[in-house]
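Only one chain is shown below, in C-alpha cells, and it's the form predicted on its own.
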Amino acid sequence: MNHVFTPVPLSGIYSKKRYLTPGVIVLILIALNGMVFLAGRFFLGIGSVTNLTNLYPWGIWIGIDVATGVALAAGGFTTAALGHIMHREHYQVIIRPALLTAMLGYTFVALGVVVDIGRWYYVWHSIIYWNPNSALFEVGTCVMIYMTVLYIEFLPIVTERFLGRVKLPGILHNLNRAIEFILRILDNTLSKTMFVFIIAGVVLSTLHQSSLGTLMIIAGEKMHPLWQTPVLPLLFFLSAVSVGFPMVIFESYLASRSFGLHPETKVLLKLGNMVAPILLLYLAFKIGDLVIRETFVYLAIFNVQSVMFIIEVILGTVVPLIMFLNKKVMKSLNLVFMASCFVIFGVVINRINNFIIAYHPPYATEAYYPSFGEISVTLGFAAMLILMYRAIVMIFPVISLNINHSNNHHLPHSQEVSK
C-alpha cells in the first residue's frame, strides 16, 4: 500500500466546492463591518473609533491583533524547525499549511501595528532611524524581516503552481516567456538557498517572541506583580513555543473539516504528543516564578487580576496539560483538538492579561474598555485572514492529500484524484 503526500490546489480536485458558502458570507460581512471602522480610523483619526486616550495609549489592537497574533503564528517556526532542521520527514504534510498561517498571521500583525500607531504614515521610520537600545526596535525589525522571510519561503509554492502553466490571454501573451523565465530562475535559486531562510526564520522568531516580554518588563510598576517578572521574556518565548503545535492541530483540523477532507490523524496525534513536555516546562517556570517572588499572595485578593490569572493558568495550562498526558485523549483527534483549543485560549488570555489587564498607567482614573469600533476591526482582521487562507489553499498547492493508491480513502468525500 503506497501513501503519497501530494500538495495540490484544492479547487483543482474539488471542483464542486465553491468558495462562497454561508459561513464565508458571514465572514465577508464581518470583514466589511471592520473595514468601515478601519476607514473611519484612517480618515477621522484614531480617537474617532477607539476608547484610547493619552493615559491608555494601547488596547486590544496591541494586546490581541499584535501580541496575540505574533504568538499564534508561532506554528510556522516550530514546524519549520521540526520538519526541516530536525528532518522529521513525516511531518512535511503540515509544514505548508503552518507556513501559510504564519505568513498571513504576521501580515495582519503588521497591519495591526499600522492601525494602532497614531501617525501611521510614519511607520517606516524604524527602518531608517535606528535605535538599537530599544526593545521595541528589536521587535519591529525582527517582525519585518521574518515576515519577508515567510513570503520568500512561500515563493516555491507559487513557482510550483505556475511554472509551465503561464498562459496570459490576448496582448499579454507576449509576457508568457519572460514570466516563465523568471519563475524558473526563482525555482532554481530558491531550491539551493531555502535552508538559509528556514534557519533565519527560526532564529528571528526566537528573538522577537521573547522581546515582547522585555517590553512589559520596561513598564515597571505599571504592571501588576502577578505578571511583572524578570523572566517575562522566557515565559513569552515558552508560551509561544507551547502554542505552536496546538495551533497547527487547530488549523489543520478545521481546514480538513471545511473542505471535506479527512484530517491527517496520525500526524496530528504524533504532534500532540510533543505538547505536554513543553506545557509542563512552561508551567514549571510560571509557578516557580510565582513562588520565588512570593507574589502568590496577590491571589488571595479577589479582583479582576487574580481571577484572570487563575483562568489563564488553570484553563490555559493545567487543563490541557492533563488532557495531553491522558492516553485516552491522545487516541482521539477530537479530544486532542479540544486540548489544543485550551492551549490557544490560554495564550490569548496570557497576552490580554499582560498587555491590558495587568497594565495600569499610574495617572489613569478610569479603566479601559474596548469600543465597538476596536472590536469590529479586530474581528474584521480575523475574518479577512480566514477568507484569504481559504482562497490561497484553493489556488496554490498548500494542503497535502494522503493519496492511498489502493482505495483513495483520504481524498475529499465522493472525489478521486487520478494517479
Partner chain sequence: METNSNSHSRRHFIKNVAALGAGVVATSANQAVAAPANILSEDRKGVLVDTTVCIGCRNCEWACKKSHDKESGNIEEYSDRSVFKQFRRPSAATYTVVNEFSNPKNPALPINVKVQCMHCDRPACVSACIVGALSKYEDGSTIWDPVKCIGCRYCMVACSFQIPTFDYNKAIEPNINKCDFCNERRKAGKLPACVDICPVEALVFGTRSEIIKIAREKIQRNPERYINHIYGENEVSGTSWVYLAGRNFYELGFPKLGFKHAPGVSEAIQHGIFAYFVPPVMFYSLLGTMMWIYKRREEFNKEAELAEELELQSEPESEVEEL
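Residue numbers count along the first chain shown, from 1. Worth saying up front: this structure is predicted, and the values here are computed from it rather than measured.
We do not show the form predicted in complex with its partner chain, though everything after this point is about it.
- In plain terms, the part of the chain that comes close to its partner chain in the model of the complex, with a heavy atom within 4.5 Å, is 118-126 out of 118-126, 284-292, 318-326, 164-172.
- Site residues Gly260, Ile311 and Pro397 are none of them in contact with its partner chain in the model of the complex, judged by any heavy atom within 4.5 Å.
- Between its partner chain and the residues Met194, Val304, Ile182, Leu280, the one pair within 4.5 Å by heavy atoms in the model of the complex involves Met194.
- Scanning Leu269, Ile217, Leu254, Ala110 against its partner chain in the model of the complex with a 4.5 Å heavy atom cut-off leaves one residue, Ile217.
- The closest heavy atom approach of Ser371 to its partner chain in the model of the complex falls outside 4.5 Å.
- Its partner chain in the model of the complex is not approached by Thr159, whose heavy atoms all lie more than 4.5 angstroms from it.
- A residue is said to contact a partner when one of its heavy atoms sits within 4.5 Å of a partner heavy atom; Met103 fails this definition for its partner chain in the model of the complex, lying far away.
- Its partner chain in the model of the complex comes within 4.5 Å of no heavy atom belonging to Asn273.
- Residues Leu55, Tyr56, Pro57, Trp58 of 55-79 are found to place at least one heavy atom within 4.5 Å of its partner chain in the model of the complex.
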